[in-house]
Ligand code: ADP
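Before any questions on how it binds or moves, here is one chain, the form predicted alone, in structure tokens.
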Amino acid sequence: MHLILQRYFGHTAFNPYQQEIIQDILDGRDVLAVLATGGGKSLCYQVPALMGVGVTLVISPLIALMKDQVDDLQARGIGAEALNSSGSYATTRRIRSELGEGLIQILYVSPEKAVSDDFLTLIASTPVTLIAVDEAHCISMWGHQFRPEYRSLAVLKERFGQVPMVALTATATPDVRDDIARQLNLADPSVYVGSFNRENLRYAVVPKEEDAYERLRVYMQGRKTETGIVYTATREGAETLAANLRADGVPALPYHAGMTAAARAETQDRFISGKVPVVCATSAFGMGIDKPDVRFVVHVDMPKTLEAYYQESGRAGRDGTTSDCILFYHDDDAKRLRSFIDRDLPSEFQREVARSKLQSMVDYCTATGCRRTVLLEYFGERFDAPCGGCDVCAPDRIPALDREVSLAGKARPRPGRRKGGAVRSASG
């Protein structure tokens, strides 16, 4: 186990829980693992995949994420491939052939492909040794990124009853953990829940007032050499904010689902490579953003859930260096999101869950006590304040945030719009 860790991945020691998870998998046990961003979830299935003969199936929701992981594994000399809707007929034929020849150790598959009759027929005669479900919170209606196609993944457990399954996620409340185990039919799984506390992240909530853009501009102009992500609620907001920042001397590009796939890929590549330090994005700039030196993540609009906020803000400081997580808040953010819940969700159960999650997000934004405590307790982790790393506990000891952005408590008057459009009102 340690030889593989060092030979293929260059590490001399495991992160917390990794070795225990791998050992349980090797012993044939199902596992549910909740490890924070940067905790090394991928190694939990990659290491055992290299310790025996056979194929590890990895269910992953994003094509871009699959590509990045496959490219990385292949560069390490590991037989990895991906089957999804983006593959050509020739690529699919080649992968099928290599599966038959035993050349593939790790096969990434989209959830839709994994439960298709064609794929189930293909792997019926394949020696599958492990099934890994990444971003497993997507299977739960209690989760923040529910995907109906994930509900069908239990068929894999039915077809491969003796094969261990590991469900992996970075964000899951106790209710979501129970639901993941139930929906995937995990058999008496070992459950590992790492700490959600990212000590190097500094949290602050800022009132979204008339001068919101000016505060953001001053903050970012002081960090022109640093990398960051600014999240907005709308596509228009991402475009406008990026344009205004560029006009004010901050190199920034937009990213949202309305852009072409090629344009999104170019923005992401330029950001990952360091050619453009700032991306202004909607939540479409999501899973798979693996850049260790992101120094700040700013939300100019409040996310729908604390899970989403934890995941998005957690893209800061993956290298362990001190980084800032700033959220601009106004009461109108919550009103807008409540109206979307009432309008868009089809069942009262879904609306009830969404309203509860939104209220937890509002409670975080309006907290008068330690924000880290509020965040961690949401995920079932006890934390004793003060943390020394949020605007409530240490407003004068966070130099990146103390004067340029007036740290907040509660929101005050309705935010306006900078001439030319930048940080707009919550309804925009």
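Start at 1 and count along the sequence shown; that's the residue number. Because the structure is predicted, anything quoted here is derived from the model rather than measured.
Although it is not shown, the form predicted in complex with ligand ADP is what the next lines describe.
Of the heavy atoms in residue 38, some are within 4.5 Å of ligand ADP in the model of the complex. Although the partner is absent here, residue 42 lies within 4.5 Å of ligand ADP in the model of the complex, judged by heavy atoms. Under a 4.5 angstroms non-hydrogen atom cutoff, ligand ADP in the model of the complex has residue 318 among its neighbouring residues. At the 4.5 Å threshold, heavy atoms of residue 23 stay clear of ligand ADP in the model of the complex, well away from it. The stretch among 29-37, 49-57, 388-396, 360-368 whose residues place heavy atoms within 4.5 Å of ligand ADP in the model of the complex is 29-37. For a residue to qualify, one of its non-hydrogen atoms must sit within 4.5 Å of ligand ADP in the model of the complex; none of 182, 185 and 190 qualifies. For the stretch 1-34, the set of residues having any non-hydrogen atom within 4.5 angstroms of ligand ADP in the model of the complex comprises 5, 11, 13, 14, 15, 18, in sequence order.
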